[in-house]
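Just the one chain here, the form predicted alone, laid out as structure tokens.
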């Protein structure tokens, strides 16, 4: 494996710092809290930690509105704390991946404070402006969080463009001075020893709002190649771009093995399946299971040898997978393990979102207990449009980003051991049942399953380089596939639902069972509710 491809063998763990561990009792997680949990992360076996944004921010969108890219927000600590985290994580063989928001900044960033003073200000062109008259919008583009994507600034007699909150003005990547400042900032962080970067909505930096284009703009890959050349290629980094509009063909450009752009992208085709087609994520629909298999199969086969996949079920923007496509009630443990085994057998770099390794679940709060700006805006907007409140809350309980943002469940103590103070958002009430203290020493726990999957991935090269083949494509209950290289054949068989089914595949004669989610062993090829098995046939057993 080439030196710059360490991330192909890696498993990456995402931390949402606000909700991970609070060291000072103020109710908000922080960098010192993360440092205190490095032993836990090393025990799990992960190779790198991706931190959701910790740069200085007014926190209008929980840190995805950066006001200073080269400082740490006081809510999380100091720049010295960040430097300590990078050092201490290194002692545990863990790299730190930063989350950079390069599509937009906070309106409190010094660039924007200058930009809005006058059209002649040298920072004015760092942002996207259009002439106009107050009250007459440049066009009808809408912001992702609701309302118009245009905001009037009387000081300059222009509108600025914002794809998200009004406090998140979009940066103008057509300006070479802006790009240079961004490159210098990234190289500054690289010099401090970070192991890579996750790039928020990076597919939107080449926007052309006059044409209604937000993602995959004409100059996108030109910008990415320059960005990579000026920054990422100068160090041994992993880079992953958030690209909601990615297709396998586009992903081959993003993750080309020549390293000209990024290591990989987060694509969301599988994640968008359980919503009404053509509607918003809040418009719920049953998961089309065979479509899920088709999507995974297409990404696995089309990127083989031509790009690289990221593998994930959860992140800070998504509901908990065990509540979404598993069963967080009578088959909570079985379905959490099944979903892990299914995903970690595929080709790509797996990402574990904090608490996923414990089987943490969604919550169902009253509206006043939610903190997410997208959720609160959705609630107000849909009530104004005449939706029934119970229908709106049903959608929020299923899909709110706050499902992922409840505090990490460490133990059975008050507030799940997350804080001695009042948590910034309420802890999931099930923390006495689901917590790290109950699982870390139990090899049969959800945590034990994830730890074993990480160990297996490190031991057997077929996890990294095996060719993927989907089996039983038309089966309405079973997700089965093989991964095969010249030495080994991996077979993964998963019952995706809560009923016992007969599997039409024959049990592999000369294979060993690497991992399963039922303690009492195999029962031929009869799969119990959410049962998952992973078999290995090989000619050369690595020690």
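Here the structure is a predicted model, which means the values were calculated and not measured. Positions refer to the first chain, counted from 1.
Note that the form predicted together with alpha-D-glucopyranose isn't included here; everything after this is about it.
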Exercise for the section: Would you please decide whether residue 198 lies within 4.5 angstroms of alpha-D-glucopyranose in the model of the complex, comparing each non-hydrogen atom pair? Expected result: yes
Problem - Contact label in the model of the complex: residue 188 to alpha-D-glucopyranose, heavy atom within 4.5 Å - result: no
Practice task
Would you please decide whether residue 164 lies within 4.5 angstroms of alpha-D-glucopyranose in the model of the complex, comparing each non-hydrogen atom pair?
Solution key: yes
Practice task
Report yes if any heavy atom of residue 244 sits within 4.5 Å of a heavy atom of alpha-D-glucopyranose in the model of the complex; otherwise report no.
Solution key: yes
Handout entry: Check all three, 92, 95 and 344, heavy atom within 4.5 Å of alpha-D-glucopyranose in the model of the complex
Key = no
Problem - Listed range touching alpha-D-glucopyranose, judged in the model of the complex by heavy atoms within 4.5 Å, from 223-231, 257-265, 309-317, 110-118 - result: 309-317
Completion exercise
Contact with alpha-D-glucopyranose in the model of the complex, heavy atom within 4.5 Å, among 401, 324, 451, 293 goes to 401
Exercise for the section: Using heavy atoms only and a 4.5 Å cut-off, determine which of 405, 179, 457, 382 is in contact with alpha-D-glucopyranose in the model of the complex. Expected result: 405
Handout entry: in the model of the complex: members of 141-172 within 4.5 Å of alpha-D-glucopyranose, any heavy atom
Key = 145, 164, 168
